[in-house]
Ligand code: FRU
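As a starting point, one isolated chain is supplied in structure tokens, in the form predicted on its own.
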């Protein structure tokens, strides 16, 4: 595999022509997705700036154009009318100022009358490679022009250099704007710091560190924080790093949430209980980004990076990596967040597979399974002799569902574990599974749990089989996301 120099990773993109040959190679990959947002070339990671404005959903992603490597990051822009069909719109934020000379890092968005304001972390490096983060602002005007506005604020010297991922929040009751940032204390503990202002574009001052009772020492860095209000509950979403959690193997990067109450006067988020809830029980999900639903205040829409920091994937050798999860509707049920696939996806169902005459599993499909009780074993992408594949098992006595990808020919990130298990208090009665060319998203019991995972089947891994009492329907799915070569 190629060894990247610092100069190669942080090379400035100057023209579309520089990427033409790379894109032509990339789109020939057997693992290019048909209905997921994916990197146009190079590497995709965090989703950014997810927002609805004047009939369009805007969603950006972190993009390093040169290969499957973290380096100079841009914000790449995609748009949709229905959250299912997405079009590439090209680069929106370029790292071209003193404040973001080594990357435009993650952030959020706020719709305005004339466009969308984009808040992001400018990753600045001195000549000796010392990092200084800055919180920056771009005005994405309705005509499509992106204009960088004056710097909002710089690094807080009371914390380490790890201060990033601004989430803009407007509190109507106080008529005040807040920015929450993921941060790290000087003694290496993860936290959230908060800034406030009467204006979204100027006058920002440090308000303090968010107090979260019971979570004062929970990982050494919190990334991508957000405070959402869903179904009348306050939800603190964040990504704690460098800690292990029960049932997560040796994985050290997580994406999850706390349900509770936010007091903006005291900057205290009081959790309902001491449990940190994982958002996604699969192998590959991180940096969740939420957008409010314009028609229903009881729900939000969530999308995440179907990947992890410090991970590697089989397409790295093809010089590209990364896709986003399907957008999901987010609600609160039984004091837990549930994630449900969008109803609009049903419109992309194509031919229904005659499962009585074939056990070939389409590489792009939706599967629905309705359980009738008892143990179940579902193998996806097994070999002709019935071995291997992605194994989904349900133990009715233990009330546990387990996803195991150790049977796939392409194994990766194995040190973090190849099994993930989730307790199901009500047993297993429903699965809805979305399979694309290199991913599987398994929605359990109408959104009670979801397992999102990258998988890379070979030509020999094309069968499926079920042991247990359940009805199954499979539909081929049509393309929903175009793989257009749009850069500038």
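Given the structure is predicted, the values throughout are model-derived calculations rather than measurements. Positions refer to the first chain, counted from 1.
What follows is about the form predicted in complex with the ligand, which we do not show.
Student: Looking at 185-193, 103-111, 254-262, 337-345, which one sits within 4.5 Å of the ligand in the model of the complex if you count heavy atoms only?
Tutor: It is 103-111 that comes within 4.5 Å of the partner.
Student: Might residue 46 be said to contact the ligand in the model of the complex, defining contact as any heavy atom within 4.5 Å?
Tutor: Contact with the ligand, yes.
Student: Could you tell me if residue 73 has a non-hydrogen atom within 4.5 Å of the ligand in the model of the complex?
Tutor: Yes, residue 73 is a contact residue.
Student: Taking any heavy atom pair closer than or equal to 4.5 Å as contact, tell me whether residue 328 reaches the ligand in the model of the complex.
Tutor: It does not: once the ligand is placed as it appears in the model of the complex, residue 328 has no heavy atom within 4.5 Å of it.
Student: Spell out, yes or no, whether the shortest heavy atom distance between residue 403 and the ligand in the model of the complex is within 4.5 Å.
Tutor: Looking in the model of the complex, residue contacts with the ligand do not include residue 403, since no heavy atom lies within 4.5 Å.
Student: Name the single residue among 152, 224, 378, 179 that comes within 4.5 Å of the ligand in the model of the complex, judging by heavy atoms.
Tutor: Here the answer is residue option 224.
Student: In the model of the complex, which of the listed residues (286, 283, 394, 86) lies with a heavy atom within 4.5 Å of the ligand?
Tutor: By the 4.5 Å heavy-atom cutoff, the listed residue in contact is 286.
Student: Could you list which residues of 134-171 come within 4.5 Å of the ligand in the model of the complex, counting heavy atoms only?
Tutor: The stretch touches the partner through 164, 165.
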